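Just one chain follows, in the form predicted alone, and it is written as structure tokens.
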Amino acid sequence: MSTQSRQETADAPHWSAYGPLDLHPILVHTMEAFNEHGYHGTSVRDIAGRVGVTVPALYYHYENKQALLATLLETSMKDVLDRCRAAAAEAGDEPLPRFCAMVESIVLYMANRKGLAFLDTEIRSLEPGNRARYVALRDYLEHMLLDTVEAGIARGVFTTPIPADAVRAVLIMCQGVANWYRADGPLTAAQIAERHVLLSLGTVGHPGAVDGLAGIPSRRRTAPPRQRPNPEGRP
């Protein structure tokens, strides 16, 4: 990482750190409603009632229900992208630690921001223009991983003969954490992320995934030890 990059990120939270969810109350209540009843099962009046405002007041902030969904999905994807880029920059250019850090960052996001991450299932409800913007962001994340895997193949670190399919499988597996992770479960988010790194290495054909972690880098954490998180980082 360059000196300039270090200076630019010096005051930013570490990519693995999660505090309270910083969203407008309208978006928080919308997210909860969509997760409970689905996009089509939720009305603007339902959301306004949860927030405690009138429907016209809600429209003052957001044009319509579609705008609420698009804002939530794009906010979520931009956050995970920023964290993934930071993790990759911290790991450096070597494909193995870079891949491990990116997978870890994605899984930690899915566990700590599961309410937002789960909304990815509502991509089918986006109108064409909003869907195109969201898909472009999601494709960017996929290509970040793919570029790293292909670099690893070129250096003999990964052996998968189907890198694009392997990366899609890794992302699907990581995104699935948002469906089942529980903060009060037997494993912390960090432990789940560690296991998913191992599973992902097996998917892209790294020998260490089979040989008992042999050769898999242990990331040097720069953030303070994390507490056991709760959904959305709420107190």
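Note that the structure is a prediction, hence the values are computed from the model and not measured. Heads up: residue numbers just count along the shown sequence, starting at 1.
Below, we refer to the form predicted in complex with another copy of the chain, which is not included among the displayed structures.
Checked against another copy of the chain in the predicted bound form, the candidates L27, V51, A166, A70 yield a single residue with a heavy atom inside 4.5 Å, and that residue is A166. When contacts are defined as a non-hydrogen atom within 4.5 Å, all of T159, M173 and P207 contact another copy of the chain in the predicted bound form. By the criterion of a heavy atom within 4.5 Å, E122 is counted among the residues contacting another copy of the chain in the predicted bound form.
Among heavy atoms of W180, some come within 4.5 Å of another copy of the chain in the predicted bound form.
Proximity of D46 to another copy of the chain in the predicted bound form falls outside the 4.5 Å heavy atom cutoff. Another copy of the chain in the predicted bound form is not approached by A57, whose heavy atoms all lie more than 4.5 angstroms from it. Residues F34, N35, E36, H37, G38, H40, G41 are the ones in 23-54 with at least one heavy atom within 4.5 Å of another copy of the chain in the predicted bound form, listed in sequence order.
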